[in-house]
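A single chain comes next, written as C-alpha cells; it is the form predicted on its own.
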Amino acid sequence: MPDRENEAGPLADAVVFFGATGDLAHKQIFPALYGLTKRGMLDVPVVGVARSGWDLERFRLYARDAVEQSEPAPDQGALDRLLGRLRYVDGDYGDTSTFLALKDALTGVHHPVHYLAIPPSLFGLVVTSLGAAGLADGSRVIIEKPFGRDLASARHLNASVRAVFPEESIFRIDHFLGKEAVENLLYVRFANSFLEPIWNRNQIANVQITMAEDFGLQGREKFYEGVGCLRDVVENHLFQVVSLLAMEPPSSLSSTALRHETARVMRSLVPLQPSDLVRGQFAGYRDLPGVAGDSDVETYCALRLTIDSWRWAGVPWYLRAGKRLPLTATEIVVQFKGPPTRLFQSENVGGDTNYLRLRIAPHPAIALAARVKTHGQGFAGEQRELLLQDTQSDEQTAYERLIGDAMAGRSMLFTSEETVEAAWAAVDATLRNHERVEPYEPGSWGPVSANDLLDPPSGWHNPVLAAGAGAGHAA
C-alpha cells in the first residue's frame, strides 16, 4: 500500500489503554506495543488503567510476560525501552478520582490516544469521564469491536462517543482490517487494469467468502452465548471484505474518500430476510460450560447477500463462517460466468467455470483458474490454477499497524459511524426473526441446508490448503 495520509492532526504523545490487566492487553496490545517500540515507532509514555489493585512493578511484570509469550526471544533493548515507558493508574472507571490520577500521569501530554480495551458496556462511562476530566480535548479514542449488538445499540454507542469526541478523533478498531492480506484486496482490486472490464454483473456469476475455523470456543463460551457467529465475524469482518471488493474506485487514498465508498456499499446492501440465512450449531456446543442447555446461538452461519447497485445488480454474494469446520482458512472465490457459447460441446463444464481465488489466511495467495486442454485427441479439458503465493517476512501484526495508525491520526483502516450503522441495518431484522439453529457435526462444512442458498449449478468452494491446491467444490 502507498503511504497513508496523516489527516487528523499531530502525532500522539502518549498511549493510554483501559483494561490494561486484561486478556486482550496480554495477548495483543503489549506484543503490538513491543513491536512498535522495536521498529522505532513508539517513544512516548504508555499509561495502563485498570481496577486490579496492582502497582507499577506488577504491571511491568505482566507486560514482560505478555511479550515473552508472544516472542520467546525478544529484543531485550526494545523490551526494556517499552517497560521503562510504562505508567500505571489503578482505580474504578466509575470513580472521578481515577481520572484525576490519570490526568496527573499525563502531565505535559497534549495529544494522547485513549484505547478502550474494555467491555462495550463501559465505553459510555469511560468516554463521559474522559470528557469531564478534560482529557478528551486534543486526544483520540480507540474503541474495540464489537460496535454495539444491533442497530439501536450501535446508534446509542455512536451518539454517546460523539458527544465527547468528534468523528475524526474516533478510531473503531477491527483487527481484521489491519491484516496485510486484507489491505491487499484493495490494492489488487485497483492496481490491476485487467480486472476492471470483468469486475461487474456482466462477467461475474457470484462471489463467495468463507471464514472457516477448525477450533471451537477456546474458553469464550460465555461471551459467544451473548453474541453468536453473525454478530461476531459476519456483520463486521466479512462485510468489510465485501465493501473492499464491491466498492467503486475512490477519488483518492484519503481516509475520507475510502470511507465514503465503503459506506456506499454498506448502504446498498439489501436487508437480509430469514430465507437468506442458515444458522448452524456444532454438536456438543450445548454441553460446554457456560452454554444454555437449549441454546439457540449459532456457531455457523451462511447467507445470501444482495447489493443493490449498478455494478452488482443480480450478482449474489454468498458468505459463510463457522467454528469446528474441517480447517482454518479465510478465502474469497469470484466465480465468473461461462463462455457465451459452448464451442466444445463434448464438455459438460457446468459450474466449473473460471474463477479468481484470493486467500487471506493462513497463507495469503492469489490464484486464477483457467481451463486447458488435456493431452490426446479431441477437445477435452480441465481447470488449472495460476497461483501466486504472497509471503513476506517481518510483517507487522494487525494490532501494530492499527495502533500505529491511530497514533498518527490515519483513519483509513478504521470503520466510520455511517458504515457501522449501515452494516447493522442490513442484518438487524434477522437478529430477531430467524429459524432455529440446525445441528452439524464437528469437522463438517456445516448444515447441508446451506447448499440451498446457492443457485445451481454453483456449489460452495471449500478451501484446500495442500501446497499448490486450489478451492474445491462442495460435495
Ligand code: NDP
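The first residue of the sequence shown is number 1, and the count goes up from there. All figures in this text were calculated on a predicted structure; none of them were measured in a lab.
Just so it is clear, the following notes concern the form predicted together with the ligand, a form of the same protein that is not shown.
Residue among Gln69, Ser52, Asn433, Ser449 with a heavy atom within 4.5 Å of the ligand in the predicted bound form: Answer to the contact question: Ser52.
Contact residue in the predicted bound form, from Trp199, Phe165, Tyr93, Phe190 (heavy atom within 4.5 Å of the ligand): Going through each option in turn, the one that passes is Tyr93.
Location of the ligand contact in the predicted bound form, chosen stretch of 402-410, 416-424, 44-52, 438-446 [non-hydrogen atom, 4.5 Å]: Partner-contacting stretch among the options: 44-52.
Contact test, all of Leu186, Arg264 and Leu358, partner the ligand in the predicted bound form, heavy atom 4.5 Å: Not a single residue of the candidate spot has a heavy atom within 4.5 Å of the ligand in the predicted bound form.
Partner proximity in the predicted bound form: Pro119 to the ligand, non-hydrogen atom cutoff 4.5 Å: Output for Pro119 is yes: heavy atoms within 4.5 Å of the ligand.
Contact flag, Asp352 vs the ligand in the predicted bound form, heavy atom cut 4.5 Å: Result no; Asp352 lies far from the ligand in the predicted bound form.
Distance check, Gly459 to the ligand in the predicted bound form, heavy atom within 4.5 Å: No, no contact at 4.5 Å.
The ligand contact in the predicted bound form: Ala20, any heavy atom under 4.5 Å: Close contact exists here: in the predicted bound form, Ala20 approaches the ligand to within 4.5 Å, heavy atoms only.
Residues of 272-311 having any heavy atom within 4.5 Å of the ligand in the predicted bound form, listed in sequence order: Sequence-ordered list is empty.
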